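Form predicted on its own, single chain, as structure tokens, below.
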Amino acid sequence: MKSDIPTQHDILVVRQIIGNQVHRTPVLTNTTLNQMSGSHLFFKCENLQKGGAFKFRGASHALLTLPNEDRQRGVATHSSGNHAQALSLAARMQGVKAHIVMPENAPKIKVDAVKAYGGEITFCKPTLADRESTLKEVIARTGATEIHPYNDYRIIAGQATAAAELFEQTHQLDYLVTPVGGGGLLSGSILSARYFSPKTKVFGAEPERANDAWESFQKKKLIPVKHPNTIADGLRTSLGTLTFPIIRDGAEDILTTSEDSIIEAMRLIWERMKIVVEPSAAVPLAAIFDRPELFRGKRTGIILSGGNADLNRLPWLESTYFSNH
């Protein structure tokens, strides 16, 4: 699986491998949000996953299939938060040391969680180049094995299990919308739709302020993100060389949405569904609200990617958020 796009058989095997480690998260519906959107919405609650995000699926798969000699040297990654938490937790559960490179502007709640899960953090400047160069230094020093947050078929196959579960828990979805940052969740969801629900069209959703996936999809070539100043901190990364071809060939479209729309959608999920989600998880709902004509009358799945929100910095209480970033 390291060198090939995961097959239907691969994803079924991954589900067996991680089945006792991950939560089979619930799917919720909400009458008010259905009425507001004009669509019948099905929310796959990966905010209730271990570690607070879907990332635990891919991290668990990578750790559980790691050769023993690699496990003894530990694992390493760079991540703004959710993959860092997921890898730290999965590593602790397997007795493996986790070395985590985090940008210095990563949300405090995610830094604190990585520490609590036993991850050893090295901070760096908040650019992809700095993250990658710092990670190389950590790996050279420790001998740890890199577990990339998204550009790894083991990770993609693990993330694919969220959509595979959703297709079992619902029936005949017309559309599936997931957030897209590095593309692990979106590419995995595209593969699961291809294998398990071929009539379902899959969309990615991302902030206008971090629209590299939209631009890459439109121009059919990989274009890295530049200066992604968005509240959706989990979506500030660029697509990977493994995720982009799957998305280019398999996504129906990439939808963008504004910061105001993201904040409003996040608030509505908290208010109406009584569950905690982080800004990145609200991006698909925001994109749907922006396009009522596209989603009207459709059965639409949404993967709520994570719930690691900073309760001391709720965006609807912070009109000066961007002046401080």
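Residue numbers here begin at 1 and follow the sequence given. Because the structure is predicted, anything quoted here is derived from the model rather than measured. Here the rigid core means the biggest group of C-alpha atoms that line up within 1.5 Å when the two forms are laid on top of each other.
This next part talks about the form predicted in complex with a further copy of the same chain, which is not shown.
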Any chance D260 has a heavy atom within 4.5 Å of a further copy of the same chain in the model of the complex? no
Counting only non-hydrogen atoms and a 4.5 angstroms cut-off, does R267 reach a further copy of the same chain in the model of the complex? yes
Residue contact check: L314 to a further copy of the same chain in the model of the complex, 4.5 Å heavy atom: yes
Taking heavy atoms and a 4.5 Å cut-off, does L48 contact a further copy of the same chain in the model of the complex? yes
Kindly indicate whether P103, Y150 and L242 are, all three, within 4.5 angstroms of a further copy of the same chain in the model of the complex, using heavy atoms. no
Please name which of the stretches 282 to 290, 252 to 260, 267 to 275, 63 to 71 has residues with heavy atoms lying within 4.5 Å of a further copy of the same chain in the model of the complex. 267 to 275
Between F167, W214, Y117, Y195, only one gets a heavy atom within 4.5 angstroms of a further copy of the same chain in the model of the complex; which residue is that? Y117
Once the two forms are fit on the core, has M93 moved its CA by at least 2 Å between the shown form and the other one? no
Determine, after fitting the two forms on their core, whether I109 shows a C-alpha shift of 2 Å or more between the shown form and the other one. yes
